[in-house]
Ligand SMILES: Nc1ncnc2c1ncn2[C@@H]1O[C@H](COP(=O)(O)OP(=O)(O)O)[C@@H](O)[C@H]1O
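One chain comes next, on its own, written out as structure tokens in the form predicted alone.
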């Protein structure tokens, strides 16, 4: 089953950059790398998946939603099926680890009992439960990224989109985060990871999509 499908997608910007041709899919439970230099279009692909942008031509399908027909009110429902992990973590600095992960569950109205059980579970899964009352600024970069990953998976998404998740980390910590993403994938969650760290990619046997001058090749 394909959970993400790009059908002859093109996207352009006034500066001339964009996507010239994107025609690929990501299956349920698959781990896929999206590689290419900075400015090649990796972030554009991710924006199209969460439908922060719509393609100039072609269609993007994510689960049951299609870019050509999705209504504005459906976009938040789409995004509940997607977990996002960023290079700069993007944690809420005024909330502790537990509250950072619980926040997205509170927004969608989950019960207090469910939130407690689910948050403690995912914090344990990513190895950060012992820091649940710490504030983000008191954590290392690797610990902050673990919190960000816990937040990304707490809603049990179909896919995790990881945008340069190891970019701000030292090599050893980057390896740990990579192993954590693989663990999540083995559990059945698809992962699409954008990176320019070719060394990290070469250490795995996962499928690779290479984007160069706005064109994607496998």
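Fair warning: this is a prediction, and the values are worked out from it, not measured in the lab. Residue numbers count along the first chain shown, from 1.
Just so it is clear, the following notes concern the form predicted together with this ligand, a form of the same protein that is not shown.
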item	value
Touches this ligand in the predicted bound form: residue 67 (any heavy atom, 4.5 Å)	no
Touches this ligand in the predicted bound form: residue 41 (any heavy atom, 4.5 Å)	yes
In the predicted bound form, residue 175 touching this ligand (heavy atom, 4.5 Å)	no
Heavy atom of residue 188 within 4.5 Å of this ligand in the predicted bound form	no
Candidate stretches 166 to 174, 59 to 67, 32 to 40, 145 to 153, one within 4.5 Å of this ligand in the predicted bound form by heavy atom	32 to 40
This ligand in the predicted bound form - contacting residues of 10 to 25, heavy atom within 4.5 Å	13, 15, 17, 18
